[in-house]
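Just one chain is shown here, as structure tokens, and it is the form predicted on its own.
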Amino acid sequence: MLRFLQFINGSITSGGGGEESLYDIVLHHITDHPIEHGFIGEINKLFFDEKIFGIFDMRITKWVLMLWLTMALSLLVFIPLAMKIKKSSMGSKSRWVNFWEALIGFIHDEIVQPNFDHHYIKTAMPYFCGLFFFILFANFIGLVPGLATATGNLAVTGGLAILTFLGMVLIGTIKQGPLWIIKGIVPHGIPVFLFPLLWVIELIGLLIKPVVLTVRLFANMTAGHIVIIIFLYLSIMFHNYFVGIGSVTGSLMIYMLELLVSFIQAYIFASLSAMYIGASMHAH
């Protein structure tokens, strides 16, 4: 994709303008950078201008700001919601409360219940609700014009995937003992001479799972934004009303599709995480 953008970049800049190229616009949108303007920019200059120990750059970046907005939105929605549900012991008639209860019920029925024994469902629900809604809100915030998608950053998706991997290791160790990584991941009943080969294969598969989670969420959330920018830039590139109408229409269609993709990706990430963690509770 970046090679294609570099080709477009060359064809546009060769046309003679000082305009910002498509490649620069997309690269600016999908990469992280410290905030240098406004109130947060002043905070960066006053408190985080120098690296800690000469290594750690603690400046507030746009991805960090998006994560803070996601956290704030989560608290803004669920703290009042929990208070309303607690007060309505017989059930609430509010459509707002019922809407979120339906989503929570969806997580219970489609994500947690199929992957955990019935007596572990209540224990697992808080984590997977938090995981699902955090990804969902981060995805939706990124669709607001002028903002960015935190899940379009490998560090963010990698951090979420590491939590799933740690959950697999921790739950597997608790339920199957400290040697589960040796004997719990290989199917029982196989010939002894095949055990080393299958153990290596299963171990690689175990390590690949968080990598797949990381790349899938990152790639899906990044690709949609790149396509929207390309569609919008076509009208600037060709300076034609008909191309402009087509590009705006195409970008709106992709935008609507991205709304669906945002929900689907949150579901897939949470569902696969539940599947991986739930499977670690039992030996093969």
Partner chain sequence: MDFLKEGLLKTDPGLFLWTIITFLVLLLILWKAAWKPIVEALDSRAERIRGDLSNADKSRQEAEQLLVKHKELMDRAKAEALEVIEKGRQEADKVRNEIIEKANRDSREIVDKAKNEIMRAKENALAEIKSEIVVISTEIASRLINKHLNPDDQKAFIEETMNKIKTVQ
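Computed from a predicted structure; not experimentally measured. Positions refer to the first chain, counted from 1.
The same protein also has a form predicted in complex with its partner chain, omitted here; what follows describes it.
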Tell me, which of 159, 196, 114, 177 has a heavy atom within 4.5 angstroms of its partner chain in the model of the complex? 159
Here the chain is shown alone; which of 165, 140, 78, 120 has a heavy atom within 4.5 Å of its partner chain in the model of the complex? 78
Given that the partner is absent here, does residue 67 sit within 4.5 Å of its partner chain in the model of the complex, heavy atoms only? yes
Taking heavy atoms and a 4.5 Å cut-off, does residue 148 contact its partner chain in the model of the complex? no
How about residue 49 - does it come within 4.5 Å of its partner chain in the model of the complex, if we only consider non-hydrogen atoms? no
Even though the partner isn't displayed, in the model of the complex is residue 255 close enough to its partner chain, meaning a heavy atom within 4.5 Å? no
Given a 4.5 Å cut-off on heavy atoms, tell me which of 100-108, 180-188, 199-207, 167-175 is the interface stretch with its partner chain in the model of the complex. 100-108
Contacts with its partner chain in the model of the complex - residues in 27-50 whose heavy atoms fall within 4.5 Å: 27, 30, 31, 32, 48
